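Have a look below at one chain only, the form predicted on its own, in structure tokens format.
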């Protein structure tokens, strides 16, 4: 895989995964994880049983659907789960009844402000049934008609599945990435996270002599992260020094950042550094704007250093949680931009060090081929950033600290380190 084609590759993965009916539990999650395992062979698919207690939560039953539709009196199918899996309220119970319009209407969900969008609605922990449809469809229903409603679903004891990949490094200290695999056919809110995380893991597998250990988890949102924390909290608190929740990272409208609860972790600092050099106008949110699994990883008593780098943030773009969040919204370029942002964060972590210059006063760069040999107006400006960089190489400031102080991208600092190290001036 080349970096030039990474966006197209990720988009193809998303196309393959898009039709699958994912939920908290069930075959859709397993299909998704098995697909990702073909790309990441060392991915371990794990499970916990229905009824497993994780802190204040209990793993629900498995849910599956074979058929769900609404037909009118003439047998015309108005809504069909097989056409779009968002048509069915998540975790709906079985039903087979003829209903009046008023009876049916109480179980329908639509968006008057988005008349051509099918909303995404779930009822995981309260048993009910319902259908979602465009508001245009809803307005066309015959108020005097009768409707045949059929849902063939099953709730049974089973398992909640999640997957984990650990890439060992020289150090046992860990960088943690988490993404979720529990939403049906939506692209930015669901599939951008897993495919970008998969691409990042695949890239890291090819990095020689990784400095740190990298842990990737693919889980159902909320209940999955709570289960994972309940089983791994001691290890996570001891080993994880940086982490990112990966979601909504595939469109090409903007970049966004949501902090950890602490707000000043290494992950927070890296995320903001990376984004300001990619897009100075990136959108910065507060902890009060949280809504994904950062809620669990940063909860009191858990307190992991997990921040979030996104493109358009969940809940902030008009297609969110609707059928309009499709594969035209998520683009190869958008996915590649998200991937590159997380990759840049990893490059900071892998290359950060404490450079120290080994000569007193300013080094003579000219004799090392690092400075113009003719002193004229403007010649110093060409190496101003390098001179500023050298001035902080005291062994007390990290490479990341220096990049922030002199306001240059971390990649530029890496370039300076390579040049100065090769000249024997700096040790890092």
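Predicted model, so just to flag it, every value in this text is computed and none were measured. Numbering follows the first chain given and starts at 1.
A second form of this protein, the form predicted together with another copy of the chain, is not displayed here; the remarks below concern that form.
Heavy atoms within 4.5 Å of another copy of the chain in the model of the complex belong, among the stretches 401-409, 5-13, 414-422, 18-26, to residues of 401-409. Looking at residue 296, you'd find a heavy atom of it within 4.5 angstroms of another copy of the chain in the model of the complex.
Heavy atoms of residue 320 reach within 4.5 Å of another copy of the chain in the model of the complex, making it an interface residue. Although the partner is absent here, residue 364 sits close enough that one of its heavy atoms falls within 4.5 Å of another copy of the chain in the model of the complex. When another copy of the chain is considered in the model of the complex, residue 121 lines it closely, a heavy atom lying within 4.5 Å. Contact with another copy of the chain in the model of the complex, judged by any heavy atom within 4.5 Å, is made by just one of 215, 283, 277, 261: 261. Comment: another copy of the chain is not present in this chain, but in the model of the complex one of 83, 76, 170, 288 has a heavy atom within 4.5 Å of it, namely 288.
Using a 4.5 Å heavy atom cutoff, none of 99, 105 and 239 lies near another copy of the chain in the model of the complex.
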